[in-house]
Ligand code: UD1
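Next up is one chain by itself, shown in C-alpha cells, the form predicted alone.
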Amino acid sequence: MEKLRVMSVFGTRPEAIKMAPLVLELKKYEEIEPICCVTAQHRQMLDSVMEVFGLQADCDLNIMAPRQTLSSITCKCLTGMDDVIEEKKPDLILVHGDTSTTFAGALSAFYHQIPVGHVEAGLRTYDRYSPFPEEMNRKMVGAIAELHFCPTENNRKNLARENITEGVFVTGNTVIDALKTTVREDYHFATEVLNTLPYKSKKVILVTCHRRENYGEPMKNIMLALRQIAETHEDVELVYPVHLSPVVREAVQEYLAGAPRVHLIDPLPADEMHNLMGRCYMVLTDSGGLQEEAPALGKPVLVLRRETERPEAVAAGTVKIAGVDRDVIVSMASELIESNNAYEAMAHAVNPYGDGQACRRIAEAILWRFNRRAQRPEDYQSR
C-alpha cells in the first residue's frame, strides 16, 4: 500500500511552534510520507523556529514582503500553493489555527479537491472582527476541513453548534508537546541579558503585544500601563520581546523607550521564549499561544484583549482577561505582584490544554481516517 502523503502548511512563528512537533511525529510512522510546506508569512521568526526543532522545509513559498497586507498574503499563498500541490500531490493537507496562511492553504486544498485537516480547530470568540482576521479565518477553515483536531472538549462543542460533527477529534494542544522538548532546567540563553535577570530576587514579567485589533488607542493604553507598572513597582522587571511589525515597534519606542527596569529585546526563538516563560513570574500578553503555554508552566496570565477564544484557562483560573484599559491592567497586575494569595491561586490552577500526546492522537486519527487503523483514537480528557 502506498504511503499517505500528508502535507503540513504553515507560515508564522506561532503556527511553526505548534506544527513542528506534529511534523516530527508524522515522521515516526512508516505509513506516512510527511511533506513540510512553509509560506514564510513571517520569514525571520519562522526560520528561528525551524532551526530550534531541526526542521527543513520541502517547499518554501517565501512570500514575506515589507508592510504586507492581508490581501497580498492570501493571494501569494493561493498562487504559490498551486505549483506545490501539482508537484507533491498530497493526500491530505494540514493547516493550523487561524492565520492568513491557514485560510489560504485550506482554500487552495479545496480548489484542488484535497481533504483538509484543521489543527487547533473550534476556537471561537463569536466576534468576527476580534481577533481580526483570525476569527473569520478559523470559521472559514472549519467549513472547508474534513478533519477537525480540537484541543479541548469546549472547542468540539463550538463546532457542534455550527453542525460540524463528523471527523471531529479532541486531541489536546500540540503546544504542550512542543514544551516537552524545549524547556530545560539547565538551559542557557543565547540572548545574554536573559541569563543575568534576577529571577529569584525580583518579579520578572514577560510581556508580548502585537495583535492587529490592538493597533492604535488600545496599544497606547497597554504601553502606558506597562510603563506605570514598571515605575511603581521597584521589585519588578519587564521583559518585552518586541514583534517585528513596524506599527508595534513605533508604539513601543514612543511609550516604553527609557522606562525603568523595562528590557526591550528582539523576538526570541521558540526555545528561548519557552524557557524565559518557565523562569518568569507571570505573563502579560495579547498572544493566543502564550495563554496555553504559560499555564502549562504554572505561570499566571493576564490577557491584554477584550475577550479570548481560550476560555478553558479562564474557567480553570490560570488566565484572566485584563482588557485594554490602562487602569484595569495596572490594577490587575498590581494585585498579582503584591498579593501572594492572589498569585498562588492562579499559579497552581490546573492546565486544561493537554498531556503532551496531541501529536500522537492526530497521527492516529489521520491513519484511521484513511483506513490504516481499525481503532478510532481516544479523545483527550482534561482533568
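If you're wondering where the values come from, they're calculated on a predicted model, not measured in any experiment. From 1 onward, residues are counted along the sequence shown.
One more form of this protein, predicted in complex with the ligand, exists but is not displayed; see below.
A.B. asks: Is it the case that Ile73, even though its partner is missing from this view, gets within 4.5 Å of the ligand in the predicted complex, heavy atoms only?
C.D. replies: Judged by the heavy-atom cut-off of 4.5 Å, Ile73 is in contact with the ligand in the predicted complex.
A.B. asks: Using heavy atoms and a 4.5 Å limit, would one call Tyr215 a contact residue for the ligand in the predicted complex?
C.D. replies: Yes, Tyr215 sits close enough to the ligand in the predicted complex that at least one of its heavy atoms falls within 4.5 Å.
A.B. asks: Classify Lys28 as contacting or not contacting the ligand in the predicted complex by the rule of any non-hydrogen atom within 4.5 angstroms, answering yes or no.
C.D. replies: Although the ligand is absent here, Lys28 would stay clear of it in the predicted complex, with no heavy atoms inside 4.5 Å.
A.B. asks: When the contact criterion is heavy atoms within 4.5 Å, does Met136 count as touching the ligand in the predicted complex?
C.D. replies: Output for Met136 is no: heavy atoms all beyond 4.5 Å of the ligand.
A.B. asks: Considering the ligand in the predicted complex, find the one stretch among 128-136, 231-239, 185-193, 163-171 with heavy atoms no farther than 4.5 Å from it.
C.D. replies: It is 128-136 that comes within 4.5 Å of the partner.
A.B. asks: Among Ile337, Ile32, Met45, Ala349, which has any heavy atom within 4.5 Å of the ligand in the predicted complex?
C.D. replies: Residue within 4.5 Å of the partner: Met45.
A.B. asks: Between the options His243, Arg124, Arg279, Arg156, which residue brings a heavy atom to within 4.5 Å of the ligand in the predicted complex?
C.D. replies: Answer to the contact question: His243.
A.B. asks: If you apply a 4.5 angstroms heavy atom cut-off, which residues in 1-28 are near the ligand in the predicted complex?
C.D. replies: Going through 1-28 in order - heavy atoms within 4.5 Å of the ligand in the predicted complex - the hits are Thr12, Arg13, Pro14.
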